[in-house]
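Okay, so we've got a single protein chain in two different forms coming up as structure tokens, structure 1 first and structure 2 after it.
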Structure 1
């Protein structure tokens, strides 16, 4: 009989303690970020889509078409087109397309690039109406920038 009343008392007490916690949190400030108006700070290490770094000397990209990024990609989402020019049969980059719909942002391509020609952008607000909107041509993007 004593246990019966003790259980009721302790149970009620535990419930009141729980209520006290939630009412306390009700008057604490909000922790969510109101997205379109506020924005989170994106850390510099953020993995967005790929983009070229600019070579300060030429103003173009540093890419020498060694194809290591292509070979290291697990999802085979990078396609590079090039032409061979000159006496030294140097490869000249024509287009560098990343199929972002298939990219898994593992970072292997960026690490494979010894010249540091590619990097991750901080772009995270990506929308589009078609799959093709996410085929990023890095060469053109560099020219626009």
Structure 2
């Protein structure tokens, strides 16, 4: 009989301790971000997928198709399609595709680009149902921005 009342007392005591902890956290400041109404602050060193930087003069990409980014990529996740046009035989970029499923985000491609034509994006909400959803065509993405 004593064990029965002892169990009731210990159960009520643990319930009150738990309630006290809950009440204590009600008056502390909120540390969670109320997603999706609030967005996380992206740290400066965050590396998302690649994106082109816009040339202020032309409004297009700064890329001159030097292929240094392709040559420096250890994952071989960048593929570029280009053509030669004009009397000066200038290379024209048709597509620049990054396979983000293979990218190790090492940053060698960004460092190899002397013109600063590519950079890491701050996009962190990447969702897809197929592998093809993570093939990013940077030329088309620049046109949409």
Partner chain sequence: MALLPPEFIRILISSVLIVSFVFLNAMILVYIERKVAGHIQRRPGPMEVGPHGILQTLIDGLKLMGKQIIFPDNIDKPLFCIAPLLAFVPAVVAFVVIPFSPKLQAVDLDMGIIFILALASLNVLAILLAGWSSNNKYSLIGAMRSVAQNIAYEIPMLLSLLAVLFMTNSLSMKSIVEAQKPLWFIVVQPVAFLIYFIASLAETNRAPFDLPEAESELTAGFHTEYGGMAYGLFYLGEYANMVMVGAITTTFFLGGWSGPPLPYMEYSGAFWFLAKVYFIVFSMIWFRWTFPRVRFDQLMNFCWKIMVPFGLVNLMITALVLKI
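Positions refer to the first chain, counted from 1. The structure displayed is predicted, hence computed values, not measured ones. Only the largest set of C-alpha atoms that superpose within 1.5 Å between the two forms is called the rigid core. Shifts are known only where both forms have a C-alpha.
- Comparing the two isolated chains, structure 2 is the one taken from the form predicted on its own; structure 1 is not.
- Shown in the overlay between structures 1 and 2, fitted on the rigid core, is a CA shift at residue 14 of 2 Å or greater.
- With the core held fixed, the Cα of residue 23 is displaced between structures 1 and 2 by 2 Å or more.
- Where the rigid core is used as the reference frame, a consecutive stretch of 3+ residues with C-alpha displacements of 2 Å or more between structures 1 and 2 occurs only at 1-40.
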